[in-house]
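One chain comes next, on its own, written as structure tokens: the form predicted on its own.
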Amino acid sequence: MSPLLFLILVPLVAAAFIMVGSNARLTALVGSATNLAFVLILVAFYRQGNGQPYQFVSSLPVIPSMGISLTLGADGLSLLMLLLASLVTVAAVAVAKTPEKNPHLFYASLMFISAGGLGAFASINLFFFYMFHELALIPTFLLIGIWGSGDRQAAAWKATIYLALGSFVLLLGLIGLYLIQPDGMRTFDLPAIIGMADAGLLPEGNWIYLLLLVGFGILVSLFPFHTWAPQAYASAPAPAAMLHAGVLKKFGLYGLIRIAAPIFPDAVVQFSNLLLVMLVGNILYVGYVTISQRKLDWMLGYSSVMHMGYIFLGFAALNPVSLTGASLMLFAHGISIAALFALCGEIRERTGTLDFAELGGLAKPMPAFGLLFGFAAMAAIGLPGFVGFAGEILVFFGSFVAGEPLMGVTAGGKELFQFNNYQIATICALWGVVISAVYMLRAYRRVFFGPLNDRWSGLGEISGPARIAIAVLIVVMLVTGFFPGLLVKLIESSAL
């Protein structure tokens, strides 16, 4: 059996066992841990620079006449995303609180989301790349609508409408990409399509790129299509928020890097100003909105939207340094936001509130918890020593050298330096780092320091499995932050 097919089948089989009555939590934990171990084995056996763009390739024809087949393959970037998905899945199951209502459906939904994410990142046939992502959206809707909090049904429907719209626009773009291929050569096989683009066999596809940008952009919460995400994450149970914000949201940016960058590089450059304006909206506008939040879950939801702007900046610059940085940030943000939503869920479970005005001083009864949150918050800010810092630096360096000078700054009739639109966007992104530090450090202070409300004096530390899972996420961020070359080498071997 193909190793990548095995990865997809494990959570599906686990979901099947859960639905027929096996111990739901234990089955989900064993299945997700098995996948994590197997991904680590694949990373260990991955051979960089062997001349093959993808490894562990397998193909099962489905509709050969239309070029539709279940073709799976992995390079460095997709292995990185598979590692992210498997890590976050284990953590999500470990921190999950078994609900009284339909616990088997709850854990089966988590497994279906994991299978969808793994399948999307492992697919190199665009038909199944799309279909696996759609598989993961249905259980996301169920998790928010059934087990969420607050106005959960409104949040579930709003997210579903936005994501369905994004998926529809994306589908139109993928169909358009299929139709512009030469007669007799049409396929959904991604390496074959990239080969046609390199050979000059594809016409200009500006309109297709715009469809892909809008479709993927809605799925990623690109400004101004972002309003569904904070409400959905604030209402979702912690494991669902971890899996969607940490894994599924990366599908859109992964798709742009994997599809649009190699096939439509001219269109990316041509419409770069449009994307730069939108991503600056993510960083500055959403960043200031994040500062104004008064509840931790909403703040983290907006924070997740804001940080997508940095990754879009790395994609827009479209050079090896910026794309490497964007890929690193996909991994870094996925791990950090998963840890933060896990901790946020623990606070909601124990106190019943996430309002900053009602919290404070929690570091006194829960010092280990406060330490874990502090590490996760510093990682989200991009503090040196965490992998997010390495990703941000590469994005800033790569984007600052992109493009041609457009605007000069003079003094005394002498030109001092010139800026182009990429550099202006990079400067805005640098200010975004200050914004993120403000809202994250302020949240940390309001929740864990100051006077302790008497209601929280009896709180204890989090359970062993949840503490271990969150600690593992933080250790991964630290190890890859001190040794980012481990991931950079993996990314550099990708078929970008």
Partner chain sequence: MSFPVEFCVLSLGILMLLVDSFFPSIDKRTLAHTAIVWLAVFLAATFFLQPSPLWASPNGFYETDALGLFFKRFALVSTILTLVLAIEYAPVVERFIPGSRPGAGLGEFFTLPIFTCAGLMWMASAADFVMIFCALELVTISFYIQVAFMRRNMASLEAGTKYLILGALSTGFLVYGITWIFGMTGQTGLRGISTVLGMVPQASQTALLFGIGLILVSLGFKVAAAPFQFWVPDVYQGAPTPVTAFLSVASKAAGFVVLMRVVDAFLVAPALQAKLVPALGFLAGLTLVYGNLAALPQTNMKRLLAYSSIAHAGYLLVGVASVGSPAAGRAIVFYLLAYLLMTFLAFLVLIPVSKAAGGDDISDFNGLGRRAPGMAFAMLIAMLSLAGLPFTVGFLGKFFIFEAAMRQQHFVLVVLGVVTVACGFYYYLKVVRAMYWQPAPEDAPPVLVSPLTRFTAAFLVTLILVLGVYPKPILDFLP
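Every value quoted in this text rests on a predicted model; they were computed, and no experiment measured them. Residue numbers count along the first chain shown, from 1.
Beyond what is shown, the protein has a form predicted together with its partner chain; the following relates to that form.
Partner contacts here mean any heavy atom within 4.5 Å of its partner chain in the model of the complex, and among 58-66, 459-467, 434-442, 28-36 they occur only in 58-66.
In summary, among the residues Ala363, Met196, Leu284, Leu142, the only one with a non-hydrogen atom within 4.5 Å of its partner chain in the model of the complex is Leu142. For the options Leu172, Leu201, Val269, Ile291, the one in contact with its partner chain in the model of the complex, meaning a heavy atom within 4.5 Å, is Leu172. Remark: Glu134 counts among the residues lining its partner chain in the model of the complex, judged by a heavy atom distance of 4.5 Å or less. Using a 4.5 angstroms threshold between heavy atoms, Arg186 counts as touching its partner chain in the model of the complex. Interface residue remark: Ala357 is not counted as part of the site for its partner chain in the model of the complex, having no heavy atom within 4.5 Å. Proximity of Thr160 to its partner chain in the model of the complex falls within the 4.5 Å heavy atom cutoff. Although its partner chain is omitted here, in the model of the complex all of Lys101, Leu105 and Leu179 have a heavy atom within 4.5 Å of it.
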